[in-house]
Each structure stands twice: as structure tokens, then as C-alpha cells.
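Quick setup: one chain, the form predicted on its own, written in C-alpha cells, and binding and motion questions come after.
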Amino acid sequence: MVTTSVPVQRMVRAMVVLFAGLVFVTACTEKPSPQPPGGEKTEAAGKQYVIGFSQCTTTEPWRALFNRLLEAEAARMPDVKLVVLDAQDRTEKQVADMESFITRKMDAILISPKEAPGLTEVVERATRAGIPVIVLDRDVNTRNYACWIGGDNLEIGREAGRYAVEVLGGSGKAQGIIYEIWGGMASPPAQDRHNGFHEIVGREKGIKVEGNQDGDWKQEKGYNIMETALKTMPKIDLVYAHNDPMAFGAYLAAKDAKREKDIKFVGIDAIPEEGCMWVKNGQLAATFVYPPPGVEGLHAALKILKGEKVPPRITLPTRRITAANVDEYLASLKK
């Protein structure tokens, strides 16, 4: 199976939209992308492709950014009409949204699944209907789709593990207690972020990992989980949360307990206004870039519709963000 690494520069160019002051409106219903003036397209203007996008939720900041970048890119493309549906964090609604796209015979479908088991069959059904499906971020339990695009969560977990080992004393010498806060346990990203992290820290005899709680990617759940852990654990050296909001929630709980200075907090996503700013403010020790795949997904869909080949899997790169490089990273997004 072919894997293609997309340059960091392309992801950076996409994320610069974040600093352009674009306004994102949460998609609770269908949202066609804005069309250029001039009324109906003529034959001379060429074909306009109608592409459906099924997003599992827009309540998480990373997914809000995901949608914003994708919708902004589609608005600049006169040959694309993007139709966005928000599953509102419910698998059954996402299945219904996909069924709607199939019935309406979309030219292509982008989907970022809530979880693999419940979305696999409808992805296969769309493929059987002759609609190219591009799976974004979380995968499904089939390869009967055109392309998958996303970050390498296993490698991101490894990178987080390497950082944890470094700050706890270095390879072969690391000592400490880590408390892990999961994202959605049923989701492949959370499983990969867990497995990659343990692949690295599991080699260290002096490190013990506690915690097996599902924070569902939510800040308030990260807070509640940490609040409980602090009552029963007199010593925690590092918190590893599967995203930045949960890591920040854990930090706030530790601050309320007056223990935040004794613990390092590590998250994932590196959204400029959240994870990066929390690192800059000294609230998180580190975060790791998890690039939204929507823009790449849209371009892949167009290539497929125009008869071009795309790799079956496209992996987007990560990057460690700490106090040492956060200013440089944020500045690079404005270029």
C-alpha cells in the first residue's frame, strides 16, 4: 500500500486561513458553499461538481477549524459546490447524512467518521453506488473507498512518548508517574495515540502510566477526570491527554487543587488559538500538530473526478510545539 507524506508547507498554507478573520458558522443543517456571482453556470464555464461532506461533529475546536479551512477552500473553487452536513456527534445521524448523499447522487463524498464500526457499511454502500468516497481523519473498517487522508496518530503518539521520556529524565533513566486521559476509546485516533505513546514509554522501567478514563475529547471531561485523579494520587509527574482541550481541562483542575506547578501537561492538535497559546502561556508543556485534512481531501476528490490517480493513503506530517519554538511556529502560519 502506498503512503504519501504531504509537505508541511501545504498544511501551513491551508492553516493561514485561520488568521484571515474568516467567520465559521456551525453547520447544524445543510450548508452549500458560496457560489460566484453570475447565476447558473454555462456550458462554457465547465462542469460544477457537487461534493458532500459529512462531519461527525463541530463542537470540538479542531473540527471547527477543519470545517472552516475546507469551506474557505471550496468557496475559492468555481467548479465545486460543497454541501456540508453535521452529524452532531451521533453515529445514527451520520449514517442518515451519508444515505442522503447517496440518494442525491453526489459526485463525490468526503466523510470524517465519528467511529469506525457504525460508519463502515454506509461507506461501502456509497462506493458500490459508484460515488468516490474520501475518508478523512478517522478510518473505517474497510478499504472499499477511494482514498484516506489524515495525520499519523500512531506516530504522533510516539512523538508524545519521546517527549515524555525526555522530560522525565531521558532514555534508560526516565522516572515518573504519567496520567493518561483518552479521547473516544472507540475511535481509531485515540487507540493509535495510546498505542504509539505506550510503544515508547513502555520501554522505560522507571515510568508508570495510570489512568484509563475516556474524556471524549472534551475539556470539561478532562477537568472532571483530573479532579478525581488528584484526590486519589498524591504524585503525578506528567499528564498525557489525547487532545489539547482535555490537557487544558486537566491543567485547570490541577490549578484549582494548587498542584499545577508540579505536573507537566501534554496535548495534541496545536490549534493556534488553543494548544499553541496554552503552550505560549506556560499552561501546557507541549502539543503536537495534527493538521486538518479537509483541504487535501477536497483536492483529492477533484483529481479523482477529473480522472487523475491519487494514492490510497495520504499521511499528513506532525511537529512538536514547545515554549522553545511556539513563537516561530505561529509566525510561520502568517507567511
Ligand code: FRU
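Residue numbers run from 1 along the displayed sequence. Worth saying up front: this structure is predicted, and the values here are computed from it rather than measured.
Just so it is clear, the following notes concern the form predicted in complex with the ligand, a form of the same protein that is not shown.
Undergrad: Which single stretch, out of 59-67, 275-283, 46-54, 302-310, brings residue heavy atoms within 4.5 Å of the ligand in the predicted complex?
TA: Contact-bearing stretch, as computed: 59-67.
Undergrad: Even though the ligand is not shown here, does D269 get within 4.5 Å of it in the predicted complex, heavy atoms only?
TA: Yes, D269 is a contact residue.
Undergrad: Do W217 and the ligand share at least one heavy atom pair within 4.5 Å in the predicted complex?
TA: Contact check for W217: yes, within 4.5 Å of the ligand in the predicted complex.
Undergrad: Tell me, yes or no, whether R158 is in contact with the ligand in the predicted complex, where a contact means a heavy atom of each within 4.5 Å.
TA: Because no heavy atom of R158 falls inside 4.5 Å of the ligand in the predicted complex, the answer is no.
Undergrad: When the contact criterion is heavy atoms within 4.5 Å, does K221 count as touching the ligand in the predicted complex?
TA: Heavy-atom contact with the ligand at 4.5 Å: absent for K221.
Undergrad: Looking at H194, K81, K264, R138 here, can you tell me which has any non-hydrogen atom within 4.5 angstroms of the ligand in the predicted complex?
TA: Answer to the contact question: R138.
Undergrad: If the cut-off is 4.5 angstroms on heavy atoms, which of these, P189, G176, G150, P132, is the one near the ligand in the predicted complex?
TA: Comparing distances to the ligand in the predicted complex, the residue within 4.5 Å is P189.
Undergrad: Check each residue of 241-256 against the ligand in the predicted complex and list those with a heavy atom within 4.5 Å, in sequence order.
TA: Counting only heavy atoms within 4.5 Å of the ligand in the predicted complex, the single contacting residue of 241-256 is N243.
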